[in-house]
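Below you will find one chain, with nothing else, as structure tokens; this is the form predicted on its own, and questions on how it binds or moves follow later.
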């Protein structure tokens, strides 16, 4: 056979093989591009098929994050506890923690479910076993909120919206922290000591590892329960007296605790009247909206930070 012909045949074979390899790699990338694997707040690696067009949110905080990044139109169901934004309340609702919610969720034919640790593991496992991906989003601090919002932006193809919202939140928080820091530096004052009351009898507060503790830190507060060994500790009244907080925040819907008379004329008034916060009437009673800001980690958390900071350091704003 002609040597030139042989050489030509070899070149053709090599080119064909190269094209086959390139095609195979391109095809592989296209196949892989239809699925994205993301890590949720439990450290689970969750594969999600793209595009995501139908999302069920099983917690108000997740609903708020979806709307804030511009992906709210993808939601097909949320919960009866959802309240923001106003149009979220018109969606069909699923139960937050009932085993019956599995059937409700399946009937919505979602591409993705957003859950929190409120949902029992059996619900998450059942949905996963039905090939419905579940992201558990449970931010422990504001930085985690940023991460979760960017993750949602990635899986819903709303990256720019997520980045814009995260940058806005960072700027807002930085502004609050700068105001407080400038005020404390100017006056030479120390951070105000604070008792945060989630319940009255016994006194339940927030400690290290809790989301609320992180919000209080960002607001410039010194939480008197921050050194305890529980995220939601009980605090004996005698310890409150010893710590003598300068301020008190009362969360919403503690039975009978809606104004200062609970402290000044209640069963333990003789004790409470010795505490600086009570003596100075430096007590903030959260309304429902303020409580939601504090207890639902998401884009509205920035308002919880500012509300606490303005309460503690009104001269800084």
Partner chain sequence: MKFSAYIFTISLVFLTLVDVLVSLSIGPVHISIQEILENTYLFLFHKNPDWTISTIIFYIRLPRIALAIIVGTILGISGLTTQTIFKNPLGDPYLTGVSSGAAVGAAIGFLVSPYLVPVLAFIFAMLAVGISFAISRSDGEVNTEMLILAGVSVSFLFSAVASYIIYLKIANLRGVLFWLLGGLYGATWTNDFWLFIALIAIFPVMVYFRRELDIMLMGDEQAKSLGVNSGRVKTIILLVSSLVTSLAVSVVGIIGFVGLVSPHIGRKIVGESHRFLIFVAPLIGANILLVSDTIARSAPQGEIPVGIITAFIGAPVLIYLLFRRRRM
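Positions refer to the first chain, counted from 1. None of these values were measured; they are calculated from a predicted model.
Unshown form predicted together with its partner chain; subsequent notes refer to it.
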| query | finding |
| --- | --- |
| Candidate stretches 130-138, 146-154, 192-200, 170-178 - the one whose heavy atoms come within 4.5 Å of its partner chain in the predicted bound form | 192-200 |
| Within 4.5 Å of its partner chain in the predicted bound form, all of 204, 233 and 241 (non-hydrogen atom) | yes |
| Interface membership of residue 51, its partner chain in the predicted bound form, 4.5 Å heavy atom rule | no |
| Residue contact check: residue 121 to its partner chain in the predicted bound form, 4.5 Å heavy atom | no |
| Its partner chain contact at residue 46 in the predicted bound form, heavy atom, 4.5 Å | no |
| 4.5 Å heavy atom contact, residue 277 to its partner chain in the predicted bound form | no |
| Its partner chain: the contacting residue among 184, 142, 106, 228 in the predicted bound form [heavy atom, 4.5 Å] | 228 |
| The unique member of 267, 288, 39, 35 whose heavy atoms fall within 4.5 Å of its partner chain in the predicted bound form | 267 |
